[in-house]
Each structure stands twice: as C-alpha cells, then as structure tokens.
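One chain is shown next in structure tokens, namely the form predicted on its own.
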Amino acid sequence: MSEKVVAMILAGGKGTRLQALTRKTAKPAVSFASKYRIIDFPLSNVANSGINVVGVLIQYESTELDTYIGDGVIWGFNGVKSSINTLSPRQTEEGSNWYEGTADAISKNIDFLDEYDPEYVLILSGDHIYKTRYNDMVKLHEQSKADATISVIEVPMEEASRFGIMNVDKKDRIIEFQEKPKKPASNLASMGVYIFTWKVLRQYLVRDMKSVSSSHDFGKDIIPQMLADKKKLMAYRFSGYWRDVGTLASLHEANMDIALNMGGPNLYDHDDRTKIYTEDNSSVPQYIGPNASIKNSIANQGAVILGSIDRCVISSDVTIEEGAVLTDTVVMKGATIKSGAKIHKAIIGPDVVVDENEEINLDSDKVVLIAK
C-alpha cells in the first residue's frame, strides 16, 4: 500500500448547513463525540491502511485545520518514509483560483501527485464518520483491473435521491451513475470514496481542466465521462457504520449513536489496526460531583459534571453546574451550563455560556444549535 497508493482528502468545503459551528471553523475541524474532530476519522482510516503519503486539500477557514494537522504526528505521518501535506489553493504561473469543485481540487495538485507517481490515488471526503481499512477496496480495484472503484453503501430507497446512485451489473461493474436523481434506479449510494488508476485519472483531469462547460466535479463530470467512454468502473460494497455529518440533524444523530451505543463506530477498542487517533489535550482530569446523575452518556477529560445528563455527549473543559438538566444534547469544548438550566435535543457550541435557569428546546424534537 505504501508504495502504490497516495491518499487525497477533500477538506475544503464551507459546511454552511452546520450554521454557526462552521462560521469560523472548517467542517472537518468541528468537534465530534466529545474527544475527536471529524477529520480524525478519514486520517486514521488512511493511517490504519498502511498508506504513508496523504494530501489534505484545505480552503475554507483553513488556518485552524492546518494547525491541527501539523506534521501528522497524531496519526503517525511524521516518519522517515511517510508525509502529510496540507494543500491549499496557490498562485502559479497560470494564475490563482479557489478550488472550484472536487475534481478541480485534484487537478490543481497534479504536480504533487506526479512527484510521487503512484499506481493508484485514493480520494476521500474529509467530513464523514466511519471506520475502515481501504486494503480490500484497493485489492478489488487491482484484481478487477478497474479504471475506477467507488465505495457504495445501501441506503433506504426514500433517501436515495440525496446521494450519487450507482446501477451495477451482476459482477458489481457500474453501468450507470446518477447524481442525486429524483427517481433513483437503485439504493447503492456513493460514499465519496474513490480509487482511481492514476495514469487514467490524470488524462481525464487534464481534459476536464480545458472544458469551459464542466463543473469540475467527480460526480457530475469525471465519472459520467468515464462511463461514456466505456471505462471499467467497479462498485465496492461497504458494510458498517457511515454517516455524512453535513447537517445539524445528522451531526446530532451521529453523536447520539455513539452515546447510546446505537451501532455507531466502536471508539472503545484498543486494536491499533482500527483505532481512531486524535490529539491528547492537556485538560485536567474529569470530575463527577457527588450529586451528579449520568446516564447513557460520554464525557471527555476536563469535564466537570455536577448536574444531571442523560443521552449526552460532553467535550473537554465543559462545566455543568449542579441543578442543570440535559437530555439528548451535545456540548462542545469549553461550554458552561449554569445551575438550573434545562436543555433538550441541542448542540451547544464551543465556549457558550447557558445562563442560570435558562430553558432550551424543552418542547421540541427538532435539533437546535446554541453557538456564539
């Protein structure tokens, strides 16, 4: 894997559907499951697969994400034969532009990929929650002699129109690709995880860059063109937990899946082949007060819990004062919930202070965000 594959993680999206959480923070840098950031998942998956070279394509509010990634020591990318590179749009002899689409982001970094000249390029989204190793997917791509392999997951038919949908033959060769169709032909949804044979992809990227009518997107342009040219595209069927946490509701749901042990990714195993790595911050130890009540919840170090929480995810350096009652709530780093406050089904953003006896969302089942 280390000799054959370079991973490219698309982490430059604005994430507007997360509202205030991404006003000054890139979506992949948003807090998740009390201890982690969203970007920890794809980076850990890449590291656990034995892929030693990774490019992280950053753009929107890139400073915090760039600083967090650093030299990649958290995920083991700081070795002699490994490297992690944050790749932002840059001025070149041809000019300077923002990344205009998923394919355009890769096109603008062809020189980076040419430097390593891999056999295959693994392209991932930086804002999905799942645990995997990509070795079996690479093996399928290699053995089938595919030009591209797309990881797919079965979704409920009523939700299929939200995704790129694959129609496959009996051998899982992709024969049709529909980008967010109104009437889906199947329920095999693209996970936004692609493996391309680099020499083939490079040709399509160069052609796409010259097209003034292209939106420079894998789902809208590159993949349909490859299918039209009769290239061999294979579907890799993923089984396991996967969530796109691009909305407040999906971010809240994924946090609850972990808090309630509802089939979310197992974050408690100690198997170094599948572990999700993150920063080990310097918070003080967690403290649970004598009158605290904690049920069906997870809390990171530095949390001081004196009140009552049920079905909650509590990040580091959070204070929940005595008499506060929280249910179905995600509380991000540094927030303070004052005495007597009552909160239901909410996401409390970083460093927010909820005042004494304040009531939030008690009579609603719709997720609300309280953020600076």
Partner chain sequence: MPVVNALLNLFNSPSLGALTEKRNFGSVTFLGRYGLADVMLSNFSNSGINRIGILVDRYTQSMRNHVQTGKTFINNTKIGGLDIIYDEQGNLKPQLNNDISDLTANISYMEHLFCDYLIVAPSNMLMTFDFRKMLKEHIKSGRSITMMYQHRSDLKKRFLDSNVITLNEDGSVKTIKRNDGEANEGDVSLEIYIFNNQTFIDMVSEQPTVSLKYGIKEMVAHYIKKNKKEVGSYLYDGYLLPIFSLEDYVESSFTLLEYENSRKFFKKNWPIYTTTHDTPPALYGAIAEVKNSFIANGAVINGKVENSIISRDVIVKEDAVIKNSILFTNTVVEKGVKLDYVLTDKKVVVGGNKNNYKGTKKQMLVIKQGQK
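Positions refer to the first chain, counted from 1. Values in this document were obtained by computation on a predicted structure and should not be read as measured data.
One more form of this protein exists, namely the form predicted in complex with its partner chain; it is left out here, but the text below deals with it.
Partner proximity in the predicted complex: residue 326 to its partner chain, non-hydrogen atom cutoff 4.5 Å: No - in the predicted complex, heavy atoms of residue 326 and its partner chain never come within 4.5 Å of each other.
Can any non-hydrogen atom of residue 261 be found within 4.5 angstroms of its partner chain in the predicted complex? Output for residue 261 is yes: heavy atoms within 4.5 Å of its partner chain.
Can you check whether residue 235 is within 4.5 Å of its partner chain in the predicted complex, heavy atom basis? So residue 235 does not count as contacting its partner chain.
Hey, in the predicted complex, does residue 277 get a heavy atom within 4.5 angstroms of its partner chain? Close contact exists here: in the predicted complex, residue 277 approaches its partner chain to within 4.5 Å, heavy atoms only.
294, 249, 209, 185 - the one with a heavy atom within 4.5 Å of its partner chain in the predicted complex: For this set of options, the contacting one is 294.
Here the chain is shown alone; which of 283, 225, 88, 135 has a heavy atom within 4.5 Å of its partner chain in the predicted complex? Among 283, 225, 88, 135, a heavy atom within 4.5 Å of its partner chain in the predicted complex occurs only for 283.
Option from 211-219, 227-235, 116-124, 264-272 whose residues, in the predicted complex, bring a heavy atom within 4.5 Å of its partner chain: Heavy atoms within 4.5 Å of its partner chain in the predicted complex occur in 264-272.
Hey, which residues along 25-41 are within 4.5 angstroms of its partner chain in the predicted complex, non-hydrogen atoms only? The stretch touches the partner through 33, 34, 35, 36.
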